[in-house]
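In the form predicted alone, a lone chain appears below as structure tokens.
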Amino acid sequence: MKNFTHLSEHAPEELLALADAALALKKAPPRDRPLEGRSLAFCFMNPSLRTQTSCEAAAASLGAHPITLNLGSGGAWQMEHRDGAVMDGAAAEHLKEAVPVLSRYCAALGLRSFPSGASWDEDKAEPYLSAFRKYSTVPVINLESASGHPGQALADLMTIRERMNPKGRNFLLTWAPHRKALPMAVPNSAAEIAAAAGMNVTIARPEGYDLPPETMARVRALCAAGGSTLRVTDRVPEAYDGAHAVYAKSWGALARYGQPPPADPVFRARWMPTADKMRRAAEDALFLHCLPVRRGLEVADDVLDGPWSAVIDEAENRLHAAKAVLLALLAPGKLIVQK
């Protein structure tokens, strides 16, 4: 692996092996410090709890020194990414200089850069992440961008594999209500990695809330290659029937990009995961959410506190997924898959 920025750059077998390696690291962390003496820069343009903490803890556990930079919010300069820009605005530094400098100091660079929410065509180009990849001389890790959250997806797959063999099982990605138009990164990656794992994928969403065509094309191709199925529906609660893994997440509509979803209570109640809906799933079903979650709006308390919930295990697995990614990029010889 040269970078870890998009799931589409890795074969399903590679992603499954990486999840197995992360599970092995969870059971038996390295006794030595394979990244001793190296520094890693994690750059955040947006708030974070699990991503920042798991990356810092993973780096430290492997012997590396984590450096967290909050770009444009007091911790570091605001950055410009546009070529030929006349920098007479808020940005004091260009990524053409900043990224190569960080590459001289650090063995790998991570970046979290949310979409602007103004234009999907502009956001899906991921200008900041693309600039990091262009100007970095060391591996780049996507800590969440406009189109994907690969580290979260790897932890999601870990959590499923801890409980079941995903091949041939039923994965439901269901839209959930929210007061904001959220990015599509997490649902994109969740659907993609479930398909890569050979799961039958159902995407339940309101009319107009389809995932981007690029995502659907990848998920469709992965399902076809793996012999699984893909179904898109607006029928709830029927979509829950027989699901082995239920993943809830809100995301914005492409046709109304950047605009919040309806606040109608009936609409929200129809789409919010509840215990009654989860009881329609398979007997051994688990419930997943990337967190943070707005209780009583996105997901009912009786789901988050119920027997299906694996959200805390899923969050813990962010730590072990981060360790696996760091080793795959910087010390692949230390990455051992123990099945």
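Quick note: we count residues from 1 along the sequence shown, nothing fancier. For clarity, every value in this text was computed on a predicted model and none was experimentally measured.
One more form of this protein, predicted together with a small molecule, exists but is not displayed; see below.
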(request) Give a yes/no on whether residue 62 approaches the small molecule to within 4.5 Å in the model of the complex, heavy atoms considered. (result) no
(request) Indicate whether the small molecule has at least one heavy atom within 4.5 Å of a heavy atom of residue 290 in the model of the complex. (result) yes
(request) Indicate whether the small molecule has at least one heavy atom within 4.5 Å of a heavy atom of residue 318 in the model of the complex. (result) yes
(message) Check residue 39 for me: does it contact the small molecule in the model of the complex (non-hydrogen atoms, 4.5 angstroms)?
(response) no
(request) Please name which of the stretches 169-177, 143-151, 92-100, 200-208 has residues with heavy atoms lying within 4.5 Å of the small molecule in the model of the complex. (result) 143-151
(request) Note which of 307, 296, 47, 29 lies within 4.5 Å of the small molecule in the model of the complex, where distance is taken over heavy atoms; exactly one does. (result) 47
